[in-house]
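Here you get one chain, nothing else, as structure tokens; it is the form predicted on its own.
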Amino acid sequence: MDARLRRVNKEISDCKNDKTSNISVELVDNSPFHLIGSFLGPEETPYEGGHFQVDIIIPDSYPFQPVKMKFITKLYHPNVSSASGAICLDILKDAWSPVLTLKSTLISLQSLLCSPEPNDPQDAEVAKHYMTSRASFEETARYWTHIYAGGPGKDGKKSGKTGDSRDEVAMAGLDKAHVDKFEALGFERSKVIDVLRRLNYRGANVAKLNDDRIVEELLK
């Protein structure tokens, strides 16, 4: 058994034997080099109550190169791509060290959900939302957790994940009244949502964007 396989097997075993961190890993197609990690969203965050899965690839030169991780579960976070699940975290790039393990890296991901870094974003639009209106951002992140990660909704009930209808305005982190206003001018709802989301039409930014600017974008 080579050193990489021996180390990875030990790390997988350590994750399975740790009953306190709520971190778990499962093999994909019985390969110790392709895993799915999972953890619960941290308490007192918009991700609380959600169950998040991460795709993990162990490179040939591990542990001298970092593991490759991306979220399988969609989430609304400045350091995670809303589209691809790609993660912006220093230890997955140039701050990696061979002393880090699967468990410690997954715990760092869990910690990232507690402490977003909007100044070094993976998803610039989400980062702008975070910095413009924290309360609105948290409401949107909580809604994504409900829809995609099985977290509780406003009524405290868990999402069914499959049968829940999605509120596209809430998904975009927008105010329904703002969307309704421009839709009433004759523009398609989906286009209104797209334009208002791109222009970060939220919080204090609303006063900085006059209606003519919005209409100009909608007419493109």
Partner chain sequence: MSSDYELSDNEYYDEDDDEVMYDDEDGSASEMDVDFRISPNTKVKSYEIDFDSLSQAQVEKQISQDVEDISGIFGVEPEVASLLLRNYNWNKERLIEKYMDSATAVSIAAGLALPEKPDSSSRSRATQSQPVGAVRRTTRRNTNEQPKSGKTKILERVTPPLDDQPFVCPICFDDSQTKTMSLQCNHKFCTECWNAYTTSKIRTEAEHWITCMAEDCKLVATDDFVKSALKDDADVFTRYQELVVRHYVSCNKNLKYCPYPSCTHTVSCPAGASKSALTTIVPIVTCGASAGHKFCFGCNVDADHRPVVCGVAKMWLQKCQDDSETANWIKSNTKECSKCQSTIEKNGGCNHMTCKKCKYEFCWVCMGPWTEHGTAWYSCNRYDEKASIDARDAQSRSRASLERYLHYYNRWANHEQSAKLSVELYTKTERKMEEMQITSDMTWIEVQFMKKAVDEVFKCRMTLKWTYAMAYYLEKNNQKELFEDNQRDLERAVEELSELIESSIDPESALPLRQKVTDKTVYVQKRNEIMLEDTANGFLEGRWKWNMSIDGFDEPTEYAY
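Residue numbers count along the first chain shown, from 1. Keep in mind that this is a model prediction, so the values were computed, not measured.
In what follows, reference is made to the form predicted in complex with the partner chain, a form of this protein that is not presented.
Comment: the partner chain is not present in this chain, but in the model of the complex one of L75, I147, M131, I91 has a heavy atom within 4.5 Å of it, namely I91.
Just one listed stretch, out of 170-178, 39-47, 191-199, 25-33, contacts the partner chain in the model of the complex at the 4.5 Å heavy atom level, and that stretch is 39-47. The putative spot formed by T140, G153 and N205 is not touched by the partner chain in the model of the complex; no residue has a non-hydrogen atom within 4.5 angstroms of it. In the model of the complex, at least one heavy atom of A95 sits within 4.5 Å of a heavy atom of the partner chain.
In the model of the complex, the partner chain lies within 4.5 Å of some heavy atom of L100. At a distance threshold of 4.5 angstroms between non-hydrogen atoms, L219 is out of contact with the partner chain in the model of the complex. Contact annotation for T20: at least one heavy atom lies within 4.5 Å of the partner chain in the model of the complex. Residues of 102-130 that come within 4.5 Å of the partner chain in the model of the complex, judged by any heavy atom, are K103, S104, I107, S108, Q110, S111, L112, C114, S115, E117, D120 in sequence order.
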